[in-house]
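In structure tokens, the next block holds one chain alone, the form predicted alone.
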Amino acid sequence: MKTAIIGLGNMGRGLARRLAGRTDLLLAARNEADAAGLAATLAVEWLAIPEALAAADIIVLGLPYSAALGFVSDAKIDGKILVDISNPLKDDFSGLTIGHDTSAGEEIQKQADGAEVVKAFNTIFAELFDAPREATANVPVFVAGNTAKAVEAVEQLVVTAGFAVENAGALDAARLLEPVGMLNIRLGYGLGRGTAIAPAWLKIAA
């Protein structure tokens, strides 16, 4: 399956570096020169955003929540798998703008009628993409979505990117995963733990 990363901020660029040469990847951004430059560095394809959307089977929205919400409202994405990596952060990063009874993932799904939204990668910092692959092999990426086909495709993407899969169930699990992402931000920045951290679930032997 062909994967397009739309938006090349820290998360998009980091994921692109992890996937380059390991999957059928293309890059796209509003700044086409930036997309072309990174694509040349990674020896992958780049396209203008409309062409990238048409060509890809999986579309990673490397965009902040509000930008992702607006983007999917206008984009031609019927039949596509959309990977939402965002957290609905306040401008000052002090908390989330929505939660409990909905989530960024679910709100994006509402606007992306005809596409399948899968939540993933929202609980890790971009800096982990620069760590050695062996250091992240057991770091979980929580994945949540409503159809087995879409979830399985994103799980494969997670493994290809060098992380472990933690299946969190249906897309409404994003209501829980986004606060976990916020907790990671608070620990990393607010409490000085740094960005080389990630949440994980441990099974204790009986």
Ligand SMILES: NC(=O)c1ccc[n+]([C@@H]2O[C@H](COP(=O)([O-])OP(=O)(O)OC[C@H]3O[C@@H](n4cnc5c(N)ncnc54)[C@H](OP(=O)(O)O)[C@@H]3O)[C@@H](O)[C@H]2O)c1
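All residue numbers are counted from 1 along the displayed sequence. As the structure is a prediction and not an experimental result, all values here were calculated from the model.
Absent from the display: the form predicted together with this ligand. The rest refers to it.
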Candidate stretches 40-48, 150-158, 64-72, 137-145, one within 4.5 Å of this ligand in the model of the complex by heavy atom
64-72
Indicate whether Gly21 is a 4.5 Å heavy atom neighbour of this ligand in the model of the complex.
no
If you check in the model of the complex, is Arg175 within 4.5 Å of this ligand, heavy atoms only?
no
Can you check whether Asn122 is within 4.5 Å of this ligand in the model of the complex, heavy atom basis?
yes
So in the model of the complex, does Gln109 come within 4.5 Å of this ligand, heavy atom to heavy atom?
no
Taking heavy atoms and a 4.5 Å limit, what residues of 125-160 are near this ligand in the model of the complex?
Phe125, Ala126, Glu127
